[in-house]
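Before any questions on how it binds or moves, here is one chain, the form predicted on its own, in structure tokens.
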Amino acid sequence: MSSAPVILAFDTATSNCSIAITRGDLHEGKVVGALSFDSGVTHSKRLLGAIDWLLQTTEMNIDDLSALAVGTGPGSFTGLRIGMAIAKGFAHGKGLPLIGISSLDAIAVEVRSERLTCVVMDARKKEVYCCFYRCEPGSRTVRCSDPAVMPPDKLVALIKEPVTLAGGGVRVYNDIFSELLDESVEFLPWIVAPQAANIGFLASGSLESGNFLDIDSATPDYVRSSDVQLSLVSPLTSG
């Protein structure tokens, strides 16, 4: 275990900012230290200070780190931009590989179900970010769809088999899901926000395979355009 990669990871996709230092992967990994706090959706004033505090508390220094991992979303546009900017600056300044992990994937790995799993995050505007997963033999969670954004009733229409729902969107749209899905649905409302420890563990595999982000060009996975982007595109499309 001592030779396993040590990764500093954080996620700012939701109002819950999660930071962790991990050693190893999902199967044999260890959380060296972790913290989370709810600071709204900006995180800009507390994230760097929290990272510094965690490093000091765990008696780790930059030279101990093998890589830096960041949750790429989807989620809050502001939170994702801040998280990516800090991750890129930190990785560039310290000479560390930068690894991006889907915030949806970080939630999915907490689910242990033989059913089809759907991670649902609140996308606001009466929509959800969602992605489907299956747990293969050996407890390996794999995607079986691309991340998408849609109204919750449209998501329900895609579900044709028993399903487990997890993520913050479960609480927000529980009434709709309960009404439109029968007893074949299982709710996991306590699995809400992406945890940085899971991002660190998932990033261990990416580090081994050399799957890094380009620090200069990396961007979050917003899944849908921001209001600003839409306002720029719409007049050209309608004209």
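Just count from 1 along the sequence shown to find any residue number. These figures come from a predicted structure and were not determined experimentally.
There is another form of the same protein, the form predicted in complex with another copy of the chain; it is not shown, and what comes next is about it.
Undergrad: Exactly one of Asn211, Ser184, Ser178, Thr57 has a non-hydrogen atom within 4.5 Å of another copy of the chain in the model of the complex; which residue is it?
TA: Going through each option in turn, the one that passes is Thr57.
Undergrad: Answer with one of Arg143, Arg112, Lys94, Lys125: the residue that has a non-hydrogen atom within 4.5 Å of another copy of the chain in the model of the complex.
TA: By the 4.5 Å heavy-atom cutoff, the listed residue in contact is Arg112.
Undergrad: State yes or no: in the model of the complex, is some non-hydrogen atom of Leu35 no more than 4.5 angstroms from a non-hydrogen atom of another copy of the chain?
TA: Yes, contact at 4.5 Å.
Undergrad: Taking another copy of the chain as it sits in the model of the complex, is Ser139 near enough to touch it, meaning that at least one heavy atom pair lies within 4.5 angstroms?
TA: Yes, Ser139 sits close enough to another copy of the chain in the model of the complex that at least one of its heavy atoms falls within 4.5 Å.
Undergrad: If we define contact as a non-hydrogen atom of the residue within 4.5 angstroms of the partner, is Pro189 a contact of another copy of the chain in the model of the complex?
TA: Looking in the model of the complex, residue contacts with another copy of the chain include Pro189, since a heavy atom lies within 4.5 Å.
Undergrad: If we define contact as a non-hydrogen atom of the residue within 4.5 angstroms of the partner, is Val172 a contact of another copy of the chain in the model of the complex?
TA: So Val172 does not count as contacting another copy of the chain.
Undergrad: Sequence order please: the residues of 12-30 with a heavy atom within 4.5 Å of another copy of the chain in the model of the complex.
TA: Sequence-ordered list: Leu26, His27, Glu28, Gly29, Lys30.
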